[in-house]
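Coming up is one lone chain in structure tokens, specifically the form predicted on its own.
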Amino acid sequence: MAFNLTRRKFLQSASLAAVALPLSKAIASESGVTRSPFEAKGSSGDKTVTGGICEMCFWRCQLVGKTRNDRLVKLEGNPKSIDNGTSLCARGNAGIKLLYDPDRLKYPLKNVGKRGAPKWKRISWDEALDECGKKLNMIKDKYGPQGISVFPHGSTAKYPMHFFERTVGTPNISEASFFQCRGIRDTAYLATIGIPPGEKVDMPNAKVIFLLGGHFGENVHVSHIKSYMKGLQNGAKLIVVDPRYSASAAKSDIWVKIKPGTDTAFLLSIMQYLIEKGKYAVDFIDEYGDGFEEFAEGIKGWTLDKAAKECDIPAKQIKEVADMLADNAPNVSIHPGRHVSWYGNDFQRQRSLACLTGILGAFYVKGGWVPAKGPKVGKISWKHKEHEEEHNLNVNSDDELYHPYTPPGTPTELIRDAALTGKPYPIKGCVIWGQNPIQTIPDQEKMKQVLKQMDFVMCVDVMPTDVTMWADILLPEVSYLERYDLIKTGTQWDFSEKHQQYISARMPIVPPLFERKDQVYITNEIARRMGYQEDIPVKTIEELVEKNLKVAGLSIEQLKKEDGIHIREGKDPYTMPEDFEIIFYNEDIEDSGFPGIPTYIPVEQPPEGFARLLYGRVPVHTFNRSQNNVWLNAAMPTNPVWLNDALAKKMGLKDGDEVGFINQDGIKSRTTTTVKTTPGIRKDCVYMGHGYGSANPLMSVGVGAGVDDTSLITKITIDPETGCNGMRNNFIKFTKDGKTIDIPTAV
């Protein structure tokens, strides 16, 4: 029999059900009314908890949580926020599914099997911490503090990183956000304008926005996207330089379909043309420029025709870009980028971006590069101790730096090479905190060999990522929704409004479940066991936050009263500093043995039958960190490979075909993905989303889903000035049904 319930019948039956309730039940609450057992629970009685800061990506939007009986049921942007406002992206909303992921690490675990193929035994915190302290001390006593390496990432890793670096004394720190992401950008701008650039360009007031490989709309940093979209809504022209028709390219006025690795040649030709035609900020450069004449002379050879040939794009398009920038200068946003570790020639490209901004006079002006002037807070952490010897893998026998413009820490490859060779000293201990070096660093087999030769490996994480399979002791950390932590400061994203600053501190939305602990507890307990109890700077994470807030005249209690965000009057961001200078020709760089003028360095091209492997972000995932999230996995469970449609036809492939890959070193992908055929990608490259293809079976949703692009990145290239990894110099062929398919690329 069909069940047919009209709206009228439903309302009648619902009313009858309510009337049928006993009177004693109806007067049980203060209001005199209780819910029918047939009524949906809804949101009545939910509690709003302020003070949250998201960490589903590292943009860290301010949020509030809706809880019901101490259980989180919804996340929203904090209405008081002048950063992201009430907006959260898909990842931010899906934080609930991270919090309650059944695969999350719950208890301290000891590996009683072998690294890479672990057998886990649940142990107590005391037993786990005793083991960590004992093993790390044994390594330190035998090899010195330099016998320990640390791979940190994220806000919780700062406190333990400072303990090992400053107090214990190990120099072997490799943070993925520097050495495989943005470190090159920061040091290149430091060498050009004296400060790292961040991402604060004044896009809402720009007349032109220029993106070089910027995948806006796919990285989904909420306030950043708001700034970008406001600029487009206000009429800004958009120039996108990218081998792929990205989400940004789809909105562009000019899409430059550039040959991968040739970006610096493109930038040099723009600047040479502007100088030749006198279409540059002469007065601005006269006042703030240094070494401009040498620079102008050094790039003379980069004509439009020469760059067009090198970059495989029309000369008239380069001219069109240059003219559009010049005609709208200085109100142009030349974005510095974020993930810039591409080809191993990246320092010179980032220097070129900074110089282009200077040539257009686009520093500290409306629509240009404008640094965020946020308020000051404390930076309480471990103090530097004196150590008998200072060890630096970046220094050669002549006391010169191999990579003089390296970001903070030590270049990853220097650490891994020392660990594998024992020269100049052995590295036998490894602390991995919030980073997944199996999927962040090229050549997975090399990383596995590094971990195999260790005497002790300790991992701290929220989820069982691939690298946790190589731990001896695995410790469960509280998530960003369960802890005090980061103090976030900044300014409003739209400078056209009144100038405001904000201070917020991460505060727990819900109490932690199971036996998860925060970074201060874990680090302090290890420090005690290693004999550093006298050096411990704070007893709890709350004390750390309180001390850092005190510098700004605030407290946790005060922030709670202000809905988690303190807003104060800011400073005019357009004020030019008295000592500002743009160094076009840098003698110090030249004295270090590198080009003092931004210089194009060609990269290796794909061998016959191969295409260059490019990768990037996708809108609903943050690398591998979110691959096990049920909601986000449902939205994008795999990472289809973008293949030029004309090539696909020649190769006999069509949309949806299941394929694997083999790279130039004969390494095959463990898993497969599907083909996405499109005219929106060059013929000499393919593209896929990063972070898929987890190998850890404890990630029951993400395991084997899609292809792990890092597993195919086995060729190691190094940016010479910084020591950072070039991540896009590997080449692949397709495999299907056991057969290898060449890519008939017309290079």
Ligand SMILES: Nc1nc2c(c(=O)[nH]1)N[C@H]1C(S)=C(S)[C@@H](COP(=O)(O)OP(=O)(O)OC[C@H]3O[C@@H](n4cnc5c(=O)[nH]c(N)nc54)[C@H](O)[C@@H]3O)O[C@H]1N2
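Don't overthink the numbering: it's just position in the shown sequence, from 1. Remember, it's a predicted structure, so these values are computed and weren't measured experimentally.
This protein has a second form, the form predicted in complex with the named molecule, left out of what is shown; the following refers to that one.
- The stretch from 121 to 129, 550 to 558, 670 to 678, 623 to 631 that comes within 4.5 Å of the named molecule in the model of the complex, counting heavy atoms only, is 623 to 631.
- Although the partner is absent here, Lys226 is not a contact residue: none of its heavy atoms lies within 4.5 angstroms of the named molecule in the model of the complex.
- By the criterion of a heavy atom within 4.5 Å, Gly616 is counted among the residues contacting the named molecule in the model of the complex.
- Contact annotation: Pro598 falls outside 4.5 Å of the named molecule in the model of the complex, judged by heavy atom distances.
- When contacts are judged by a 4.5 Å heavy atom cut-off, Arg244 counts as touching the named molecule in the model of the complex.
- Distance criterion of 4.5 Å from any heavy atom to the named molecule in the model of the complex singles out Arg483 from the list His403, Lys200, Arg483, Arg416.
- The contact residue chosen from Asp655, Glu590, Glu276, Glu218 relative to the named molecule in the model of the complex is Glu218, the criterion being a non-hydrogen atom within 4.5 angstroms.
- Proximity to the named molecule in the model of the complex holds for none of Lys80, Tyr159 and Pro375, with the criterion being a heavy atom within 4.5 Å.
- Applying a 4.5 Å heavy atom cutoff to the named molecule in the model of the complex picks out Asp709, Thr710, Ile713 from 698 to 726, in order along the sequence.
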